[in-house]
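Just one chain follows, in the form predicted alone, and it is written as structure tokens.
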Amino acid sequence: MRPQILLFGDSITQQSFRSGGWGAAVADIYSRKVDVVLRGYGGYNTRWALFLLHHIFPLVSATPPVAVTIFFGANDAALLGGTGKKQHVPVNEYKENLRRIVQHIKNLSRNTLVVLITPPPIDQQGRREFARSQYGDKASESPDRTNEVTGAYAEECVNLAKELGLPSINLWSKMQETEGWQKKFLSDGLHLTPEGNAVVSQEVVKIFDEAGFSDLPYDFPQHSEIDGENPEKAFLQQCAAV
């Protein structure tokens, strides 16, 4: 059985297996070495994610994942005065919810590599344009998120990773290093374009490769290793049960 990498997060994770998605890219890079399992939940915040922990990460599991990405915060950072107010989680609670998620996973297996990913930056103009395209004159003029507030959540995510000695990816800062990031990386002011997905996959793979995932063996012999006249030899070397 192949080891598993589990992607846990909100809609940015849920959409990551779409064409050009970051999860699909990770699955492709480690194909035949690791199974990448998608557990993304559109609209979820860290408060709601806590209810899923025992279902997604049962403590009785005999085969815990080798790695987990935790990618929440875009909904936690929704403004109380905006259309996403029910998703809002205060920033201090957000940090503690992330801590609880990490602790649960580490209770399952101390060896599981946990990677914290911050929410991406917010293009407020892009959010307004998207709302108008969806709702026309009925679109709210009040922002549902701001880049400044989301930055505070990103900062606490990174701070927690440092406290716990975990790797983190600060998308909020990373993406804003590129000129024109608003349209280059974000499709609606929040969710990712293929270029934005590429930033995530590159950063995730960098951490996984540093952990040695690229050196994991293939689950069965490469076709070049199989002797057409005596195929059993290659399989017997790698698959004792054959």
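One-based numbering along the sequence shown. Please read all numbers here as calculations on a predicted model, not as lab measurements.
Separately, the form predicted together with another copy of the chain exists; it is not shown, and the next lines address it.
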**Message:** Although the partner isn't part of this model, could you tell me whether Lys206 comes within 4.5 Å of another copy of the chain in the model of the complex, counting any heavy atom of the residue?
**Reply:** no
**Message:** My question is simply whether Tyr41 lines the interface with another copy of the chain in the model of the complex - judged by any non-hydrogen atom within 4.5 Å.
**Reply:** yes
**Residue contact check: Asn97 to another copy of the chain in the model of the complex, 4.5 Å heavy atom** = no
**Asked** Contact between Lys184 and another copy of the chain in the model of the complex at 4.5 Å, heavy atoms?
**Response** no
**Request:** Would you point out which of 149-157, 97-105, 167-175, 82-90 contains residues with a non-hydrogen atom within 4.5 Å of another copy of the chain in the model of the complex?
**Result:** 82-90
**Asked** Relative to another copy of the chain in the model of the complex, which residues of 219-236 have a heavy atom no more than 4.5 Å away?
**Response** Asp219, Phe220, Pro221, His223, Ser224, Ile226, Gly228, Pro231, Glu232, Phe235
